[in-house]
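What follows is one chain in structure tokens, specifically the form predicted on its own.
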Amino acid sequence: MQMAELSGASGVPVATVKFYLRDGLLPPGEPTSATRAAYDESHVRRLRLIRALADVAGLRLDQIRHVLAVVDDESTSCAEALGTALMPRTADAGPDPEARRRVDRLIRRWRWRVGPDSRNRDSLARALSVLDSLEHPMPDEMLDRYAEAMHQVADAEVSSVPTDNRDRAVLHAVVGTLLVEPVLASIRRLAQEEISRRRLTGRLRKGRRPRRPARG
């Protein structure tokens, strides 16, 4: 396909496609003349991935470049590539050591095989540290209940990732996770709203005073 067709298939304006080509985010097409090139479905998938990272995830160009570099590195396992796509590098300070130990114990209790340098470890440890600093610590019992629920969610999500194509797998994981997280958060809040109302109603019924008989 030509440049205009690539733009139409991906939904990315021609000027933006040219910018991505100049910046190296999009691989060059197959030259057909001195000023023209042909593109294929791999270019369409790459453009969709770039737009998902930019528009949905809100990543900067340097972060997108890092994600794409890891995705394109054949020496990186698919699992590592997916993890990097979802957790790009940041300059955040390291987590509190005690919070990190709590996360490590959680991982051991659930026998999860997680890399020692996983940024998800640090992300969870930082979140626990913030809760501690606000005097709202999360007990291990609650962590385990979350782990049990999220393990089932993650199993369903990872099982749906296509395995026949690396680019499709990464695109599916990135877009799927970014779009599913708001769904999960909304379902959680709806459930909290329903349970809170049900419990409040139950308390009101238990504490309700008996009606006085009508006079007359």
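Only the largest set of C-alpha atoms that superpose within 1.5 Å between the two forms is called the rigid core. It should be emphasised that the depicted structure is a prediction, and the values quoted were computed from it without experimental measurement. One-based numbering along the sequence shown.
As for the form predicted together with the DNA, it is not shown, yet the points below apply to it.
Would Ser186 count as touching the DNA in the predicted bound form under a 4.5 Å heavy atom rule? Ser186: no, not in contact with the DNA in the predicted bound form.
If you check in the predicted bound form, is Leu200 within 4.5 Å of the DNA, heavy atoms only? The answer is no: Leu200 has no heavy atom within 4.5 Å of the DNA.
Does His172 reach the DNA in the predicted bound form, with heavy atoms at most 4.5 Å apart? Although the DNA is absent here, His172 would stay clear of it in the predicted bound form, with no heavy atoms inside 4.5 Å.
Mark Gln152 yes when one of its heavy atoms lies within 4.5 Å of a heavy atom of the DNA in the predicted bound form, and no otherwise. Result no; Gln152 lies far from the DNA in the predicted bound form.
For the interface check, one of 60 to 68, 187 to 195, 155 to 163, 41 to 49 should have non-hydrogen atoms within 4.5 Å of the DNA in the predicted bound form; which one? The contacting stretch here is 60 to 68.
Only one of Val180, Val56, Ala37, Ala147 has a non-hydrogen atom within 4.5 angstroms of the DNA in the predicted bound form; which is it? By the 4.5 Å criterion, the partner-contacting residue is Ala37.
For the stretch 1 to 26, return the residues whose heavy atoms include at least one within 4.5 Å of the DNA in the predicted bound form, in the order they occur. Gln2, Met3, Ala4, Pro13, Ala15, Thr16, Lys18, Phe19, Tyr20, Arg22 sit within 4.5 Å of the partner.
Please determine whether the C-alpha atom of Ile195 is displaced by 2 Å or more between this form and the one not shown following superposition on the rigid core. It does not reach a 2 Å shift.
Distance trend in the predicted bound form - C-alpha atoms of Leu59 and Ile187, change of 3 Å or more: Relative to the shown form, the pair is closer.
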